[in-house]
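A single chain comes next, written as structure tokens; it is the form predicted on its own.
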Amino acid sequence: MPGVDPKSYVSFDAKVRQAKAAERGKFQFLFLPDGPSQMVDIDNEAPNFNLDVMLTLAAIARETSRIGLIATGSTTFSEPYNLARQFKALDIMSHGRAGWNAVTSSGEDVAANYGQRIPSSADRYGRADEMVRLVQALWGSWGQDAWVHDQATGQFAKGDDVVPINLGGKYVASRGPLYIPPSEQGQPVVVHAGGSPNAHALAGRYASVAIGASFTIEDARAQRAAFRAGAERAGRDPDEIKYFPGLMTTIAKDRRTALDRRIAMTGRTFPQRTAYLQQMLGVRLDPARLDDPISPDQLAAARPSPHDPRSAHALKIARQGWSLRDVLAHGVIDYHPVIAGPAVEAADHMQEWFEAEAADGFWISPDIYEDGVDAFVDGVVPILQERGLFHTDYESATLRGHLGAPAQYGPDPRVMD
């Protein structure tokens, strides 16, 4: 896009600037997905993820003071001791602002980078369960009061309170102990992203945050209820897990300006996306006629796919008379709901979902980070604050405090069996 440094993909300074903008807007946390194999169209697009999520958040931790820092770490292709050490070190560096998005990984392209094949779902989630238990045990292997650092007596720590864990299961094991003391929040917060019954169970046992993808209020409400039920089955208070569906934003003065921005950004992909939209609506669409509206006959014949929750919304936008190009610019086939228009439209969407108990918060994905974060912070956040829906300042210095998550150090005894 014009005005964006084309080399920003490798710029940690750019990531720090964007994080500072989010912190200025009092965002509770940054959430970095990860996937070490995402070169779909390398001729035209940078890969979708950061160079390295831990290094990115380490850079951000040194330049921010309040915003939480959540990174993704695979339970399938990582060892528990390494993950425990990396995330607790980030927690120390950020003074208690770190979170671990514990995911199982599911792509064969990712597995190939590790010389492996993707295990079955049962094995992936079996290993994930053991991984989280083991990592939390390692986090707690340095006693909460073990660090003395008494210069007068020369005692650094209480050796009897820094002990091995000697835990092992079917998939992973570790002797321990970890050699890092507690942070200001004790230990990192556990997060999970997914929507399957296995995800509901894993998140219900361990997570304070569930990151989801929901396209309707009904779907989001059902997902949130499933995660809360998972927590209750694990013996936890369901209020301890917060559900954050995604929201993609292009904030502009009006709808036309927002659509033109999205066309400039992704319009070259619209001929290919037309074929996908055609499947969603069940009618033939001509990619050579992007500037024409979908005809009345086609709209009358359209049958939204019952297997794609985006289809009904796509047909609703098409019936408003927009050109095929503009229908696609509305983001009707994107992987989260899209708000393209004035800030008040994003605020209205968030308020409606929140008040319907479909969300505890939102994962915001701006169209272009360089100015999209600021557009949201300067446009949407003040509206939410005026409506009494969002805080005007941080009430805590830790991620656990931002989320209202209970204190925890080591494994949660309620879910250990």
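Treat the numbers as computed from the prediction; the structure is a model and nothing was measured. From 1 onward, residues are counted along the sequence shown.
The form predicted together with a further copy of the same chain is left out here; the points below concern that form.
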property	result
Partner-facing stretch of 299-307, 221-229, 153-161, 250-258, counted where any non-hydrogen atom is within 4.5 angstroms of a further copy of the same chain in the model of the complex	153-161
Site test, Glu45, Arg85 and Asn113 vs a further copy of the same chain in the model of the complex, non-hydrogen atom cutoff 4.5 Å	yes
In the model of the complex, Asp109 touching a further copy of the same chain (heavy atom, 4.5 Å)	yes
Partner proximity in the model of the complex: Tyr179 to a further copy of the same chain, non-hydrogen atom cutoff 4.5 Å	yes
Contact label in the model of the complex: Asn101 to a further copy of the same chain, heavy atom within 4.5 Å	no
In the model of the complex, Leu55 touching a further copy of the same chain (heavy atom, 4.5 Å)	yes
Candidate from Ser174, Ser208, Ser214, Ser105 lying within 4.5 Å of a further copy of the same chain in the model of the complex - any heavy atom	Ser174
The unique member of Arg117, Lys170, Arg284, His149 whose heavy atoms fall within 4.5 Å of a further copy of the same chain in the model of the complex	His149
Within 4.5 Å of a further copy of the same chain in the model of the complex: residues from 69-105 (heavy atom criterion)	Phe77, Ser78, Glu79, Tyr81, Asn82, Arg85, Gln86, Ala89, Leu90, Ile92, Met93
